[in-house]
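Next up is one chain by itself, shown in structure tokens, the form predicted alone.
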Amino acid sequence: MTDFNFVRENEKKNGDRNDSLRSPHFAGKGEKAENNVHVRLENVSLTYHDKTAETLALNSLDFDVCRGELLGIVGPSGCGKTTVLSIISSIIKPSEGSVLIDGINAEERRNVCGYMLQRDELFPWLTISQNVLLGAKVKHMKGRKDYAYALLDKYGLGDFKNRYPQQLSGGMRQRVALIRTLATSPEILLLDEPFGALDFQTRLRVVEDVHAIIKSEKKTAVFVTHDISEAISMCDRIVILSARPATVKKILDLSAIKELAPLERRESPLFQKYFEDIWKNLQNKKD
């Protein structure tokens, strides 16, 4: 039922009609040039303390996320990739340094972030429409039903509004989870290994869908993954972190393949070059 070309074909077919589906809060800062800084981490460090010792987890992280960019974060297991997302969303406060969103302290703008987790976390006793509206309900956001339903229709799930999660495929459930996040009109999406629970074939399809949705909705996104190929196929740039204490080893620019869809990127001659570059950095190997 999930066709990874659906979103792009639907976008072409509907054209300007989709402009009415933009977030009600998209005006203003969200309409600035795509290349200006949306999120900035400046000298961010994090130290965990317990009764006997302290552990430096993140060490002087510096990088920007541009408006409308899909930025990937890769690194060794346990290096603190998810922690970076928690700091951007102000769930965790850094020990040193600062996080700015639109030049303002992130704590003051925490409401502009939306989280998408590894599992869809849909409630099985709620219908798809009830699940999609849950985030807005929790945040006491009124007038979201029409917008949420328009998103479901736009991305091929309108006929499933009254179904239950167990009646949908894994890929469709992940699309529902993303639409639930979008229904609260976040400016910034934080994606924490959102495809990790899917089988390989489904992941390929859903990556294509999610990438198209994020770009269509003109969202800024930070995407954490262990999968190097997935990062290359999804992202505009990739931040490569070292082992703990995590530092920024390299920021890889993928502008040469930026206009390609995820599956098209995997067929590019540059794909293997990028993969080897990331792998060498993760293994601390030199050219």
Partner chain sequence: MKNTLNCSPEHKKYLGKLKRKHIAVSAMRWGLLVLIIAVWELLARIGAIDSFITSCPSRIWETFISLCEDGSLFTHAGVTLYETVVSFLLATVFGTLIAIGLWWCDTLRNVLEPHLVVLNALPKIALGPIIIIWVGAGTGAIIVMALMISLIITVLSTLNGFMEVDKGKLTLMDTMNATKFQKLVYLVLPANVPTIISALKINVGLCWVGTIMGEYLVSRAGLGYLIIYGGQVFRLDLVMTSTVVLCVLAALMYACVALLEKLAYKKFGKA
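Nothing here was measured: the structure is a model prediction, and the numbers come from that model. Residue numbers count along the first chain shown, from 1.
The form predicted together with its partner chain exists for this protein as well; it is not shown, and the discussion that follows is about that form.
Colleague: Is there any non-hydrogen atom of V138 lying within 4.5 Å of its partner chain in the predicted complex?
Modeller: V138: yes, in contact with its partner chain in the predicted complex.
Colleague: At the 4.5 Å heavy atom threshold, is R110 in contact with its partner chain in the predicted complex?
Modeller: Yes, R110 lies within 4.5 Å of its partner chain in the predicted complex.
Colleague: Residue-level contact is defined here as any heavy atom of the residue lying within 4.5 Å of its partner chain in the predicted complex; does G143 satisfy this criterion?
Modeller: G143: no, not in contact with its partner chain in the predicted complex.
Colleague: Mark E121 yes when one of its heavy atoms lies within 4.5 Å of a heavy atom of its partner chain in the predicted complex, and no otherwise.
Modeller: Judged by the heavy-atom cut-off of 4.5 Å, E121 is in contact with its partner chain in the predicted complex.
Colleague: Which one of A148, I87, I188, L134 is close to its partner chain in the predicted complex, taking close to mean a heavy atom within 4.5 Å?
Modeller: The residue from A148, I87, I188, L134 that makes the contact is L134.
Colleague: Scan R205, K81, R180, H211 and let me know which has any heavy atom within 4.5 Å of its partner chain in the predicted complex.
Modeller: Residue within 4.5 Å of the partner: R180.
Colleague: Can you tell me which of 197-205, 67-75, 150-158, 111-119 lies within 4.5 Å of its partner chain in the predicted complex, counting heavy atoms only?
Modeller: Result of the contact check: 111-119.
Colleague: Can you name the residues of 149-165 that have a non-hydrogen atom within 4.5 angstroms of its partner chain in the predicted complex?
Modeller: Read in sequence order, the lone residue that approaches its partner chain (within 4.5 Å, in the predicted complex) is Y164.
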